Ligand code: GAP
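Quick heads-up: it's one chain on its own, the form predicted alone, in structure tokens.
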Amino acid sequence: MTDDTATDRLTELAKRRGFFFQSSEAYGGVSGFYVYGPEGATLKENLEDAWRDRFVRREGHMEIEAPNVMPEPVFEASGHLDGFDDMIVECPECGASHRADHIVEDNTDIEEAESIAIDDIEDIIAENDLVCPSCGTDLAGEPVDDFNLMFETNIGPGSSSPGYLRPETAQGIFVEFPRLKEYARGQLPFGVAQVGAAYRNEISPRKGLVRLREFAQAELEHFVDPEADEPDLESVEDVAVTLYSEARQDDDGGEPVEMTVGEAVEEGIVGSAWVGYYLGVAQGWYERIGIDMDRFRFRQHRSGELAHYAADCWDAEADTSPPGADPDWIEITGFAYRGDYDLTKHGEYADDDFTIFKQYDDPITVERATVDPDMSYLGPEFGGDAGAVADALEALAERDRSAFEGDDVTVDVDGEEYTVPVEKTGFAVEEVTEAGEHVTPHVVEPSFGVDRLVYTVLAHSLTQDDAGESEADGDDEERTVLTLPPELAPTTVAVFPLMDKDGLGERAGEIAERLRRAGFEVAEDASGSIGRRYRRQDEVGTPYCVTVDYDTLDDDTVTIRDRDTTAQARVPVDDLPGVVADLRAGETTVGDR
């Protein structure tokens, strides 16, 4: 099966069975916007709950929900207004716009083309005679430009208060750090999570849920003291992970290597122990939600694609092609050590304190260089720049007191030099007693793409049995199965009457309601043969089916059937809620009963 056929098959199933489909189809549809149907919405919610369980509750972090729209100064500080771009090339014939790096990746052996400079991308397009994907027109010689992905809006009437839809949930956490640190009682480390929508005006959305203009993220910002805080690396040091390091990517023919998290950190392949910790935690979580670990790897960002704020970054990537086809790797999570970039930038732009006061065990006495500039001199001498000169003198005294040893001292303000007599600076070195210091925390960020995770889980769980493997259900039809983990499945159990007569339908309804009251998602189906009903539930990933038959009316037992093995067992109705709970938790199997 080709990759395109597999993608089409998954998309067709998703649309037909209510997982996801393009939005506004009655008006022709809009690229990059998808609706989660009844099955998909529940699957997505279950996946997000599983993420919260592992990365918020079990880690002891807090969760917030920030607005989707934020004012322009937030994104000036974060750098998104100046540098949140993709490469765009426009067809001279049909006028269609395309991601230039995607055209390169789709038609050459080059991977991660977004890390390549624009001039080089233009050369690659010309050298390889690449054409417009829409109409086939030659793109050689066409300019490749930067295109900012931010969705702009206005806050309130008029245009005096520009705002933007957030391109990531992270900024909502960073901006509120001065308040959030109070909830953490000013103690590091602490983590803040957020699950919600983000928006990017993608040039060429594609592959369903893989590249969207509105998408869901589950992000954790873990604030740490870089000098004092260490992760619990021992708890994950023996976890085996598949790593595709920058060195192996640069090595022609290099392949990923499997090693433990402890080995990767010790050897410096993973540069941050905090990143290593979250790689180990995430590995177990990916297995839990049903990702095929034979089609999974952690890939390190190469130097050309490394974000300006990141000291080290690894992507969790999944191959969503079927076994045997050419790999189709997609990023599902980014693990970045962001340093103090975000809080430092917001501290420069905002009117609040983005540091944490770290109290010493015992007060210490230190020498501090200070300045007290004579503004009656600086004002007439430098006019409107006097305040900036005073700030520059203060900063210089902190970092290089020897600059004040002569008669004059020179400071740089926005590229212009100003010379001030030392006697007018009020320079002095004093002994002061300090109880602590202000620390700008560093940030460790695991950022999960929820939609891509949903897509990957569906792609990895989609299987098709040969006809002979279905005969245990009483027919020889080929069956399509989503082998979703019970924790994620939109429906936990389906209840069928053998036939909708003689009171079987009413009894099935009573049992279904009993299971709902026990907290399970329950489906009811009385249409068609039992085998056909099993097929329908297999196709949406329902792990267990319960059949109410004539024996039920006699002895109050039902047949419960397992999706993956098709094994069946008789269970007393009174025991059914507990049995389903144990099955869902993995504490027993239908075959054990």
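A quick note: this is a predicted structure, and the numbers were derived from the prediction, not measured. In case it trips you up, residue 1 is the first one in the sequence shown, and so on.
We do not show the form predicted in complex with the ligand, though everything after this point is about it.
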property	result
4.5 Å heavy atom contact, A170 to the ligand in the model of the complex	yes
The ligand contact at Y244 in the model of the complex, heavy atom, 4.5 Å	no
Residue contact check: P256 to the ligand in the model of the complex, 4.5 Å heavy atom	no
The ligand contact at I332 in the model of the complex, heavy atom, 4.5 Å	yes
Stretch in contact, per heavy atom within 4.5 angstroms of the ligand in the model of the complex, of 199-207, 262-270, 234-242, 510-518	199-207
The single option of F448, Y164, Y277, Y337 touching the ligand in the model of the complex, heavy atom within 4.5 Å	F448
One residue of F151, Y309, W285, Y418 in contact with the ligand, assessed in the model of the complex (non-hydrogen atom, 4.5 angstroms)	Y309
Neighbours of the ligand in the model of the complex among 203-219 [non-hydrogen atom within 4.5 angstroms]	L209, V210, R211, L212, F215, Q217, E219
